[in-house]
Structures are given as C-alpha cells and as structure tokens.
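Only one chain is given next, in structure tokens, and it is the form predicted alone.
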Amino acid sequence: MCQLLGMNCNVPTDIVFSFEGFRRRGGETDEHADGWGIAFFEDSGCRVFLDYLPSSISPVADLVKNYPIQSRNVIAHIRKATQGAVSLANTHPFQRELWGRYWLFAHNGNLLERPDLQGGRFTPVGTTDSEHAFCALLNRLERRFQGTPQLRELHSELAAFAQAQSRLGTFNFLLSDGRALFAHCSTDLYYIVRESPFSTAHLADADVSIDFAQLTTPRDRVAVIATRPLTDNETWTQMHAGELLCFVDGVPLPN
C-alpha cells in the first residue's frame, strides 16, 4: 500500500532530512511508484507539490529536496495505486477549503466500500477511494459543526468517522487544517518526537546522517509521523490499531 509522512512542530521547520529518505521509497527502496505529493502549511496558505512520476526520480521531488521550506504542519504521500489511474487528480495530499481554512488529507489503505457523500457540497475530482472518503468526512463535519470546531470536538468526530471507515477496509490517514496534525492508525503508523537534548539521526533508506544539535535551539520540538520508521538509530513509537492522535506543537495531545 501507500506510504505516509507527516511533520508537526512548535516552530517552523524544514522537512528536508526526512523527505530525503522518504522519497526513495517511491520506486527505489520500495515499490510505491505511482506518484507522490507533499503539502506545507504557511500561516493561512499552503504550498502543494504533486507529481504522477515516482518520487525517487521526480524533478519536482528534487525541487522540494533543495528548497528548505519551513512549516509547522506538513503532509506527504507516495502512492501505490489500488483504486484509480495514475494521474495528478488521484495524487495525495488532497486539499479543500472549509470554514475559511485549507484542509489537507492523505490516506494509506484500501476501502472496499465508499462512504455516502449524503448530498454534501464536497465531491471528488479523481476516482480514488481516498479522495471520496475525504469528501465524505468534510461533508460530515460541515453538517455537524457551524464553524471550525475546537480540537477536542474535532478529535471526537474524526475518531467516530475513522472507526466506521476502518470497518470497510484499511484506513491509515493524516489530516490537518493548519492548527494541528491528526494521525489515524489502522495497520501501520509510527512517530517520533525530537526535542532537546538533540542527537544524530541516520536514515534507513540512504546513508545520510544529520546532527540535529547543530541545527536547532533548546526550545525546538518536532514530531515526525511515518508509515515505517525513517531512521535506523532512533526509537520510534508504534501506534496501535484504531488509535487517533492529535499532534500540536510537536507532541501528541492526551486523549
């Protein structure tokens, strides 16, 4: 299936190191060669980069690698197509506007049945089960709330939706509206929180190391979420099946 990568921080941070290992899983160290995408929140705006080429050879991925965009919330995805053709319209992350905010969504899994859109204003552009589920979720949120909900209210609604979708198939996902990063584990999802004292990390997919102590301040804190651990010399926390975490300022909030 697909691969997910997310980052949530307490200060704007670039994702260049993690992306260097992650992109190689798109056709070089793994089989996910059906397109990729990455999106960065910057204040109320977003930078979104998509390509239907494998991320390991994509010129757009080269641009992202060499362009240290700083953000507090990032979502990336490399695709192994299960539903829908290889195309830009079917490439994650998907983006929509709700209550004057951008929402970003990326999914890893395969839903055997698609949720009812229930006549809402959000409809898919492409043909993936993933985008269909995202639109169904936004329609549900718009019916449930009059405006942007508090994070705990949103967490509760997302948990109910994720539980229902998980009965229809595999539903690992990342979601953000720029305030926080939500991560739901259906089968495989790991995270790590990096904070002072920082150490050296080594990528699992490339012989690349970085000494975070040379690039950070003592107050910096960064959470990285991935389908599989990106480094081989750090301790990553494996999420449990059915677990939904809300990351704010680089840490998961208590449920």
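Note that residue numbering follows the sequence shown and begins at 1. Keep in mind the model is a prediction, meaning the values are calculated, not measured.
One more form of this protein should be noted, the form predicted together with another copy of the chain, which is absent from this view; the next part is about it.
The stretch in contact with another copy of the chain in the predicted complex, judged by heavy atoms within 4.5 Å, is 41-49, chosen from 225-233, 41-49, 212-220, 194-202. Taken together, the three residues 164, 190 and 253 lack any non-hydrogen atom within 4.5 angstroms of another copy of the chain in the predicted complex.
Interface membership of residue 124, defined by any non-hydrogen atom within 4.5 Å of another copy of the chain in the predicted complex, is confirmed. In the predicted complex, at least one heavy atom of residue 89 sits within 4.5 Å of a heavy atom of another copy of the chain. By the criterion of a heavy atom within 4.5 Å, residue 101 is counted among the residues contacting another copy of the chain in the predicted complex. Among residues of the shown chain, residue 63 is one whose heavy atoms approach another copy of the chain to within 4.5 Å in the predicted complex. Taking 153, 116, 97, 113 one by one, only a single residue has any non-hydrogen atom within 4.5 Å of another copy of the chain in the predicted complex, and it is 97.
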